[in-house]
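Read the single chain below, which is given as structure tokens and is the form predicted alone.
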């Protein structure tokens, strides 16, 4: 008969960090861990500083996206604006900064929507999602080496792009599903 597990059986205990690489942005760590059955194994994972994503609402049901080249996949993606949290920065500050840097807007209101963990199998990244309303254009100021093309889409157009596999970025998809529920008054 198969053993029934409890949540206690799922916990892995770190024995030691075997190796850590400290590049500029992401860090890779390898830990030796002990499983609940006393066996030992290795866990490799990426340490990420966290990020904020903004749903910039131009008007109800109309959103501002960015087109951006993503080197690891050698492809241009259509995404909602987002960026990593700088050391000592709160996620709401990151959201405000990235909205200004990437698309040149400030928001009258910036409302927390949710937090997601997009790569739980190999990283500790958390992305905090915010809805920005009452936008005012003040001029963009992208980071050095960051090239973006802003694009306005209705929610209907964006959802059609998801359906047709034209928006494949997971953080953008999740944010759009949340935004759709918010517009319908369900959440």
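As the structure is a computational prediction, the values presented were derived from the model and not from experiment. Numbering follows the first chain given and starts at 1.
Beyond what is shown, the protein has a form predicted together with a further copy of the same chain; the following relates to that form.
Visitor: Give a yes or no on whether every one of 88, 110 and 157 sits within 4.5 angstroms of a further copy of the same chain in the predicted bound form by heavy atom.
Guide: Zero of three within 4.5 Å in the predicted bound form.
Visitor: Taking the shortest heavy atom distance, is residue 31 within 4.5 Å of a further copy of the same chain in the predicted bound form?
Guide: Residue 31: contacts a further copy of the same chain in the predicted bound form.
Visitor: Would you please decide whether residue 128 lies within 4.5 angstroms of a further copy of the same chain in the predicted bound form, comparing each non-hydrogen atom pair?
Guide: Contact with a further copy of the same chain, no.
Visitor: Check whether residue 103 has any heavy atom within 4.5 Å of a heavy atom of a further copy of the same chain in the predicted bound form, and answer yes or no.
Guide: Although a further copy of the same chain is absent here, residue 103 would touch it in the predicted bound form, with heavy atoms inside 4.5 Å.
Visitor: Just to confirm, residue 150 within 4.5 Å of a further copy of the same chain in the predicted bound form by heavy atoms?
Guide: Residue 150 belongs to the contact set for a further copy of the same chain.
Visitor: Would you mind checking 106-128 for residues with a heavy atom within 4.5 Å of a further copy of the same chain in the predicted bound form?
Guide: Counting only heavy atoms within 4.5 Å of a further copy of the same chain in the predicted bound form, the contacting residues of 106-128 are 112, 113, 114, 115, 116, 117, 118, 119, 120, 121, 122, 123, 124, 125.
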